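First comes one chain, alone, set out as structure tokens in the form predicted alone.
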């Protein structure tokens, strides 16, 4: 069942087009992550769904109801902000109770509800403290708790973890994922953090310059990016790109990349390839590893740089006039300048047209 429908959404600030004909359908219970670089329009889109910003044209439906011109308080949504937005003079308990009190809910119902959600978020021992007495992670839990007690139709998250340190972000990611699995409420989450997106999303929406580039499950978007932008934006380190030309010989297709010829017999082309077509061949670092002898394709290359990450080693390899990055096991450390044979996992290959930058 479609819970949120965004139809032909456009947002202009004067002559500046911030959102360009956005169309998106979100099913009930999905956790949708809007992902993209700063300025791509993801927060603007979230604010429009929330009613905090108005559309220039288009329509928003929530639960089958047109809410395009409905006030935020009447949309049955709850929003968690990056800045927490807690009342500093109120206790945690009062912060969580406030929205329900404003809606006229009796205190006899509010108190047990607040205490239940506080226990769920492990902040029940903090209910009598004020925000200034809490850590960043605790404040964010309170902000999430304030949204939870309202039992909304839709949760909206606007980069809620960006103010936290890396360890706390990881912990809060886990808590948010558990909450969604437990509650099953539809959620839209904005972030520029790829790891957050890959971890939390049931589907990702990758945006660029006010337009949707790709919508899909995290593994689909990661392994089958529809264009060079998505391929380059996702992944740390990023995808290796090798410029070349296609060669068609009967039913066989290969890509000449510098001095190497990469066989593409097993590649599932989305478009019919042509002989001599200029392409960019993409392969993620984890698909470039030390050869074991069983790979269908391997090259002998010289390492020029090694980065130790603890769990593995990122090895920069010279490939003609260009360089690619491979991911080696932590106990396998090649020597700089000494040739090493690496295997390519061609099942994870992506091929893009060099002109249109679309996957072919």
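From a predicted model like this one, the values you see are computed outputs, not experimental measurements. Numbering follows the first chain given and starts at 1.
Here the subject shifts to the form predicted together with a small molecule, a form of this protein not shown in this document.
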Exactly one of 320, 64, 37, 296 comes within 4.5 Å of the small molecule in the predicted bound form through a heavy atom, and that residue is 37
Partner proximity in the predicted bound form: residue 340 to the small molecule, non-hydrogen atom cutoff 4.5 Å:
no
Within 4.5 Å, heavy atoms only: does residue 247 come near the small molecule in the predicted bound form?
no
Given that the partner is absent here, does residue 336 sit within 4.5 Å of the small molecule in the predicted bound form, heavy atoms only?
no
Wondering, does residue 18 line up within 4.5 Å of the small molecule in the predicted bound form on heavy atoms?
yes
Counting any heavy atom within 4.5 Å as contact, can you tell me which stretch out of 56-64, 327-335, 38-46, 298-306 lines the small molecule in the predicted bound form?
38-46
